[in-house]
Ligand SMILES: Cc1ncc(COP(=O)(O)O)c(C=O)c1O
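Just one chain is shown here, as structure tokens, and it is the form predicted alone.
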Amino acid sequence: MTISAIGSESAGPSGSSAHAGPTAGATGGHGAPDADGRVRAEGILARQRRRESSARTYARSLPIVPVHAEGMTVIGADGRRYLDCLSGAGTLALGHNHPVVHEAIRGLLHSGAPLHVLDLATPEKDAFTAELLSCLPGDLAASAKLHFCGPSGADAVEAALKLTQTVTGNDTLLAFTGGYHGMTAGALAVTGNVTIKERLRPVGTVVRLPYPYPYRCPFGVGATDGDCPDGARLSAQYIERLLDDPCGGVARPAAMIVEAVQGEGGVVPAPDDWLRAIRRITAERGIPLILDEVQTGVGRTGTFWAGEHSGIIPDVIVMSKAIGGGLPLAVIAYREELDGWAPGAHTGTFRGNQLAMAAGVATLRFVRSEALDLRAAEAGARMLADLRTIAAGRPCVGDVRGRGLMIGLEVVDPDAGPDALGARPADPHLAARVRAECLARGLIVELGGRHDAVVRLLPPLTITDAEADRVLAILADALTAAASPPR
């Protein structure tokens, strides 16, 4: 399978061009870019390496300098064009610079309205609040309370943990293997990744529970056709028995936090039956259930909220990323009976981001009016089916999984023997080569999961069929090139 140039224009669901902007020096990821642009890009990257901290992440693996973007296309300072399957880690539900987002931002700027008002009421905030509440699932839409936090998802996670600890008077938090909830102290405490936490002191008491992961089942039971009902059943039974065991070592929990699809954990969807069991277990024991929808919300997985696949209604929903239309905004929605904290119990200077609220209203309305959640379900199912066909002839891909437009390919060592369940060892070095080969061909992807061996695809919900075909073709070529012995 070979790729074609990615510079052609195609219409997205909005009817606008998915590719636009400057084309001088654009090469579709191939050929020699403009010399002046290349020098400019190299200088900017060199200054970033010199000035910024060693904690840089995306800048290390994606050495590009974006100067223009529209839809799914990013153009670098050197003139190269890229299809963006990272979308700001899922922040850009409508892709880059969507017209409805631009119009909302321009309208607010031209109105003379204040841009920074802490948590004061404004017409923009009132409109955003009404729109967001109307999007919430089930009975939350009619009775939820909202709390605006600092600008990141981690801030919202902190607020959710603090709220439930305050209301219950309990300290213990229940979290899951593979979970990712942010990098602040409390959020990191409930995150599963050991590498980023082992040098830090833990905050509070966290009990780690087994999350169903068919390809590498924590209970060591086999998977069938990418599913593992026995693993999910064992997980639910284990959790229920642990919580009821007076010698199980678990003090009364303040909350359980879970992702319906683990994102940074390697794109691992939770089985619907398992989520329903988790909701029953927590409800019967009076444990508030926090659903982290930071990356999965606003249509990403094929329903507006990922929890809707299973039909569960949590006690708290954590939201950020796409709800701000690409601008920083974080909110929690929770049941009214949990609203027991005092004024000032959780604040943040930038919780009143008016531009993000204007952009967020436009995004929420457009996703709903254009049924982009259904589009994500359709496009994602098609991409998953095609990726499984691609993977069938490539032993370096151990598993293909996802939900909607949240897709992952787990890269493994094809020469290593499988374990008792048939899973080969993760190969992070090969995954890094796949990412590099994708970038060289004009496709931006990132890695996640255990050992950073899962190639993750998070395209905008406006992806066209033609763009999806190009993504798959580039990825197939990149897998072949990465797996070939170096010359």
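All residue numbers refer to positions in the sequence shown, first residue = 1. Quick caveat: nothing in here was measured; it's all calculated off a predicted structure.
Not pictured, yet referred to below: the form predicted together with this ligand.
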Considering non-hydrogen atoms and a 4.5 Å limit, which listed residue (Asp78, Asp386, Asp373, Glu264) is close to this ligand in the predicted bound form? Glu264
Can you pick the one in Gln354, Thr168, Ser152, Thr282 that has a heavy atom within 4.5 Å of this ligand in the predicted bound form? Ser152
For this ligand in the predicted bound form, the stretch among 173-181, 97-105, 208-216, 117-125 with residues bearing a heavy atom within 4.5 Å is 173-181
Would Gln295 count as a contact of this ligand in the predicted bound form, using a 4.5 angstroms cut-off between non-hydrogen atoms? yes
Can any non-hydrogen atom of Asp399 be found within 4.5 angstroms of this ligand in the predicted bound form? no
Indicate whether Ile290 is a 4.5 Å heavy atom neighbour of this ligand in the predicted bound form. no
Is Glu259 one of the residues lying within 4.5 Å of this ligand in the predicted bound form, judged by heavy atom distances? yes
Even though the chain is shown alone, can you say which residues of 444-465 have a heavy atom within 4.5 Å of this ligand in the predicted bound form? none
